[in-house]
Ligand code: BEZ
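One chain is shown next in structure tokens, namely the form predicted alone.
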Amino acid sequence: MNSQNWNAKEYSINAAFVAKLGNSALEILDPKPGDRILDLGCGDGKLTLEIQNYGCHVMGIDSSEEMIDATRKLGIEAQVISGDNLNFDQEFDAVFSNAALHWILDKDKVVQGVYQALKPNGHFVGELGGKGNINSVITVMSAVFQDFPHWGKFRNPWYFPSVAEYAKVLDRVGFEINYLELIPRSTTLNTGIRGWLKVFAKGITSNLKSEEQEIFINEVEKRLQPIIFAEKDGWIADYIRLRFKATK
């Protein structure tokens, strides 16, 4: 899985929109009281708690110990497990994932693990970044690295598939696809692009010195301002989500 280091407090401030905008995928999950559900990439547990409030038996997993600590503080069963290292055997009625699967580059391994974790006729429901997601942000970050070659090569940490690409991943494992759609969803960044970069670009800048990281953030902000910022609306990122439901 990705080598991103997560800070739960920083995440709650700069990325609160992630859980809020995950409710559309939660509607597709349609959790029922008594369901045993695995939340893959639960983050700080805010959306996991909503699932638990339906009367479900929920387990959250995440590769970040700090995020799992935050989830446990909400009274949720949670374990530090990477999404590409699942070892469950037909334990869950559903596996849910919001804004996590695009961080896992070994997409076949994670989907195979999900399939094995589900009971017969269990559902896999999720939302991840889709093809074209944050394209303007990625283009600018890459350009900044090109202008500072001594930083090394820009490495994109995300997997943003098309409908056809992800359909093949699900089909290879044996899932029946019930729903799969690419959804443009412009997203307001309430703390600006600086707050977003401090949360989501840590893996990209992890090898840079602190002063170089600040230069990176300043350059990206300056170059993106005429593209995704307006005085009236603030910072609006070009999010595109891939939302799906599949059955074992």
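Please read these numbers as outputs of a predicted model, since none were measured by experiment. Quick note: we count residues from 1 along the sequence shown, nothing fancier.
In what follows, reference is made to the form predicted in complex with the ligand, a form of this protein that is not presented.
Engineer: To test your reading of this chain, name the stretch in 77-85, 125-133, 161-169, 145-153 whose heavy atoms come within 4.5 Å of the ligand in the predicted complex.
Structural biologist: Careful reading of the contacts points to 125-133.
Engineer: Examine residue 200 and determine whether its closest non-hydrogen atom to the ligand in the predicted complex is within 4.5 angstroms.
Structural biologist: Residue 200: contacts the ligand in the predicted complex.
Engineer: Looking in the predicted complex, any heavy atom of residue 107 within 4.5 Å of the ligand?
Structural biologist: No, no contact at 4.5 Å.
Engineer: Report yes if any heavy atom of residue 99 sits within 4.5 Å of a heavy atom of the ligand in the predicted complex; otherwise report no.
Structural biologist: Although the ligand is absent here, residue 99 would touch it in the predicted complex, with heavy atoms inside 4.5 Å.
Engineer: Residue 235: heavy atom within 4.5 Å of the ligand in the predicted complex?
Structural biologist: No, residue 235 stays farther than 4.5 Å from the ligand in the predicted complex.
Engineer: Identify whether the ligand in the predicted complex is within 4.5 Å of every residue in the set 103, 196 and 239, based on non-hydrogen atoms.
Structural biologist: Checked in the predicted complex: all three residues contact the ligand.
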